[in-house]
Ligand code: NAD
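The data below hold one chain only, encoded as structure tokens and taken in the form predicted alone.
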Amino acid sequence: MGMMKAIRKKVAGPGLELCEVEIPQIRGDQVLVKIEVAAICGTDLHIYNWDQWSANRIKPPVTAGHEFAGRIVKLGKDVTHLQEGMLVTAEGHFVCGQCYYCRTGQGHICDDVKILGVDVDGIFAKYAAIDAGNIWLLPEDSDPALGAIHDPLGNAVHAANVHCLTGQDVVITGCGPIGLYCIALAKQAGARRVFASDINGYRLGLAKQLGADFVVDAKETDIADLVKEVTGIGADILLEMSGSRQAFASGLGALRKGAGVSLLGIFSDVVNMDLDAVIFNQLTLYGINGRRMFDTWYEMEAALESGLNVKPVITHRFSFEEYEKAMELMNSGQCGKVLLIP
């Protein structure tokens, strides 16, 4: 098949390595995709930095990356519903199809899930082998960069759409890319007011650009105080995207009784919370894991077709050879979504 460039975690420890590997062979139920655009996820940054989660989960060697857009260049012998040349992205969770969760429409929390770029070789490469059942077709005239961010955008759609946001006061804690997508989704849904908080000035600027009505520097202002002052009662919805204990506590404090909460931010340590406040204020908490397969994908497609604009979240592009610059920029936080171009 020949050789290709790939960005891999070759050994346990910090960093990644750009190296030459064989172009992957595909099974009968897979397709070979030529990657046009890859996007860096927070998971990839964890793998690059080699934190405790990575050390416990990653088994090198493995090619990193799971967010992409590209074109099919080869079909497995059993694939009949796709064609070579199609512009595609993919759901990065490969599920068993047999467990209780898969058989009850909850494949996104499958007991035996394998994650692209974590458990199997990913897409920071010129070519990638992808299960055909996971492929998602992109409009032929669409921007591949937008296709490359479907995975994290789907997380935002999942978190937002467990609530009715129309006419609601919505608090978003954490203005990383997924939090920024949530701002755009809330505005498109007709939220009454959107409050966004972070401690990163660059990302607060992006939050304004995405349409947040109130942007709060959490180092200077408690968002709970502002929300109560503006609304007189508290917000209806909290979308927690930060993974910060302090931000979560402030977000809960900003809510009215009977409010709803989506929890997507990953916390690095144990969170102590006031359960009496949850119980007596009758709050509803939803844990958000990935995207519903494939309900969320259809909802995302509809949102984009009806004008959802998340392109401002894409702020930087690097070549594969510049991957270390891209990762260090991610570590600095002075960016939105960062792309890698093979």
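Residues carry their position along the shown sequence, with the first being 1. This is a predicted model, so every value here is computed, not measured.
The same protein also has a form predicted together with the named molecule, omitted here; what follows describes it.
Taken together, the three residues Ala69, Pro139 and Gly147 lack any non-hydrogen atom within 4.5 angstroms of the named molecule in the model of the complex. For the candidate set Ala186, Val171, Met241, Ala128, a heavy atom within 4.5 Å of the named molecule in the model of the complex is found for exactly one residue, namely Met241. Not displayed here, the named molecule is kept clear of Glu91 by more than 4.5 Å at the level of heavy atoms in the model of the complex. Within 4.5 Å of any heavy atom of the named molecule in the model of the complex lies no heavy atom of Asn161. Contact check for Arg193: every heavy atom lies farther than 4.5 Å from the named molecule in the model of the complex. Within 4.5 Å of any heavy atom of the named molecule in the model of the complex lies no heavy atom of Leu153. Only one segment in the set 71 to 79, 111 to 119, 131 to 139, 176 to 184 has any non-hydrogen atom within 4.5 angstroms of the named molecule in the model of the complex, and it is 176 to 184. The partner is not shown here, but in the model of the complex the stretch 181 to 212 reaches within 4.5 angstroms of the named molecule through a heavy atom at Ser197, Asp198, Ile199, Asn200, Arg203.
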